[in-house]
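First, one chain by itself in structure tokens, the form predicted on its own.
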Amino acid sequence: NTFQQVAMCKISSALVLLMMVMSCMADTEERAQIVALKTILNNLVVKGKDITVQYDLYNVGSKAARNLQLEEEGFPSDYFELKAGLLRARWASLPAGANVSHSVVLTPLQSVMFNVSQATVRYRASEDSRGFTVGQTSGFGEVVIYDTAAYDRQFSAHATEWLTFGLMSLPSIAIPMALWYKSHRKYAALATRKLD
């Protein structure tokens, strides 16, 4: 019984391996293949503060990608103001093994939980291809856009609070020190008189 299970496991593993090899051999057509990454370069997204979004496009195929297009529709003008860059970019060609980067600077206008979706990438996979190959960049899912007041409360230097704390704690340190210094001077003077 156990021997049969081991034999069946080996046979099914061999079949899966054979199917993988066959699929790799069937996909030997030389063409471009774009891998697209979308990253927010800021650690925190705060309302009213600029964020930088970077798109990295890699051609991992064996041919140059033609008429490469990047289209970002995931940052609506109700939520973000475009400061620098373009949400739609085009390149005539991206050679095999090469990469290209594109950046956009945006300012969040509202403090909400925002769903950052993927951007769309279109390209011709080979010179003789008639249609476009369409793909997506990586996505983030939901990103918290912090309110400026909440951000300052959590991440600022709090200089005003530390100054207030220092001024309020000054009497509790200065009064005992003044009393000690007064008594120290008095008894030091008495000790020097007794020695003379």
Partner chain sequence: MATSYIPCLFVFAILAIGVALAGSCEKPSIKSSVYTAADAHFSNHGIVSATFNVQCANKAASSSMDVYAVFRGRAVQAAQDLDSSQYQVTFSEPVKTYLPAGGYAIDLYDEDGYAQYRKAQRGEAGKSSVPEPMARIEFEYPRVRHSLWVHSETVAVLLLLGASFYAYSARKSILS
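Numbering follows the first chain given and starts at 1. For the two forms, the rigid core is made up of the largest set of C-alpha atoms that agree within 1.5 Å on superposition. Here the structure is a predicted model, which is why all the values come from computation and not from measurement.
The same protein has a further form, the form predicted in complex with its partner chain, not shown here; the description that follows concerns it.
Novice: Which residue, Ala157, Ala149, Leu170, Val60, is the contact with its partner chain in the predicted complex, using a 4.5 Å heavy atom cutoff?
Specialist: If I apply the 4.5 Å criterion carefully, the residue I get is Ala157.
Novice: So which of Gln33, Gln69, Ser129, Gln136 gets a non-hydrogen atom within 4.5 Å of its partner chain in the predicted complex?
Specialist: Residue within 4.5 Å of the partner: Gln69.
Novice: Val143: heavy atom within 4.5 Å of its partner chain in the predicted complex?
Specialist: No, Val143 stays farther than 4.5 Å from its partner chain in the predicted complex.
Novice: Indicate whether Tyr79 is a 4.5 Å heavy atom neighbour of its partner chain in the predicted complex.
Specialist: No - in the predicted complex, heavy atoms of Tyr79 and its partner chain never come within 4.5 Å of each other.
Novice: Can any non-hydrogen atom of Leu37 be found within 4.5 angstroms of its partner chain in the predicted complex?
Specialist: Although its partner chain is absent here, Leu37 would stay clear of it in the predicted complex, with no heavy atoms inside 4.5 Å.
Novice: Does at least one non-hydrogen atom of Ala64 fall within 4.5 angstroms of its partner chain in the predicted complex?
Specialist: It does not: once its partner chain is placed as it appears in the predicted complex, Ala64 has no heavy atom within 4.5 Å of it.
Novice: With its partner chain taken in the predicted complex, which residues across 82 to 108 come within 4.5 angstroms through any non-hydrogen atom?
Specialist: Result: Lys83, Ala84, Gly85, Leu86, Arg88, Ala89, Arg90, Trp91, Ala92, Ser93, Val100, His102, Ser103, Val105.
Novice: For Ser169, does the CA position differ by 2 Å or more between the shown form and the other one when the superposition is done on the rigid core?
Specialist: Superposed on the core, Ser169 moves its C-alpha 2 Å or more between the shown form and the other one.
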